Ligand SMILES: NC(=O)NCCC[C@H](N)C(=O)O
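In structure tokens, the next block holds one chain alone, the form predicted alone.
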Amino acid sequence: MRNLISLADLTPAELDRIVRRAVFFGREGVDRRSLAGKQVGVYFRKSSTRTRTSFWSAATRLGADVITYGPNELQLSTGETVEDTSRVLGQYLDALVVRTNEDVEEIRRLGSSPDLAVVNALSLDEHPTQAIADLATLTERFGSLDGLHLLAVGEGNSSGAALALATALSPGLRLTLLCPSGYEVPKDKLDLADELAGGKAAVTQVTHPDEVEGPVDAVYTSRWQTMGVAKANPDWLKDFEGFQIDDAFLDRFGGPDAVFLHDLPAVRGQEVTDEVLDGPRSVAWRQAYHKMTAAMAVLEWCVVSPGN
């Protein structure tokens, strides 16, 4: 069993293998029921439309049985330790997909059983499976990540952090993070990305659109209130003025074949206009589909032995 808790735990070759498998699933469909006879748990303590459903669908399409747990359905909510929970669930399940939107260390503790593969489906500081879906979308669209320039706009949230780590593990991919001042991807994540790339990570973070060096091949955004959590500053929207993705923004920074990505859900009229999200340059809906193909690739990688 192998865990996927942070992209930083992967090698470039492992990430590339998972991404390419996701692209394969997107193009060819399921070629074998590689999880037949396996059991997968899906434990979400935070709301989810795409990630929870895509992992359920991914596991069942690959032949696994799935059990889902809500935020108060495990004895974790009554005081049982994370380690005891992991030890027990490892006797029943082959994999556990977890979303907490809290410190990733709890997920690492859940992954302490050698009999249970644990997948991080979003923690406070990283959304690794989202980045895999993003890379699969770009690979499918452009054929390769080599030479691409991705511009990620908005709050430096868990998706932005995951993109930074994914870029560090993807030679030839370039990422510019455009975040309002005070809402950047944390420095420790950027330092980790640089470390993963041996000091050569092609990740730049800026705080004003005028600092972006285009053209770019793809523009990516997320909703500005991560997980719908309200910000302390009641006037926070003023900090995001000039960061909405509309046709003029795409025309300003995008090359002739530039595409638009969004990890969804979207707050239409806030971080993106209807014209962009539903327009011809948007691949956001295909990106949402690749959340399922990424889930299939991740579960297969975690549970099935190489070569099987």
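In this text, all values refer to a predicted model and were calculated from it rather than measured experimentally. Start at 1 with the first residue shown and count on from there.
In what follows, reference is made to the form predicted in complex with the named molecule, a form of this protein that is not presented.
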* Which of L264, V283, V66, L250 has a heavy atom within 4.5 Å of the named molecule in the predicted bound form? -> L264
* Pick from T139, S170, T176, S222: which residue has any heavy atom within 4.5 angstroms of the named molecule in the predicted bound form? -> S222
* Asked: Where, among 70-78, 120-128, 162-170, 206-214, do residues come within 4.5 Å of the named molecule in the predicted bound form by heavy atom distance?
  -> 120-128
* With a 4.5 Å heavy atom cut-off, would you call T226 a contact of the named molecule in the predicted bound form? -> yes
* Any non-hydrogen atom of R99 within 4.5 angstroms of the named molecule in the predicted bound form -> yes
* **R50: touches the named molecule in the predicted bound form, heavy atom cutoff 4.5 angstroms** => yes
* Could you list which residues of 147-179 come within 4.5 Å of the named molecule in the predicted bound form, counting heavy atoms only? => N157, S158, S159
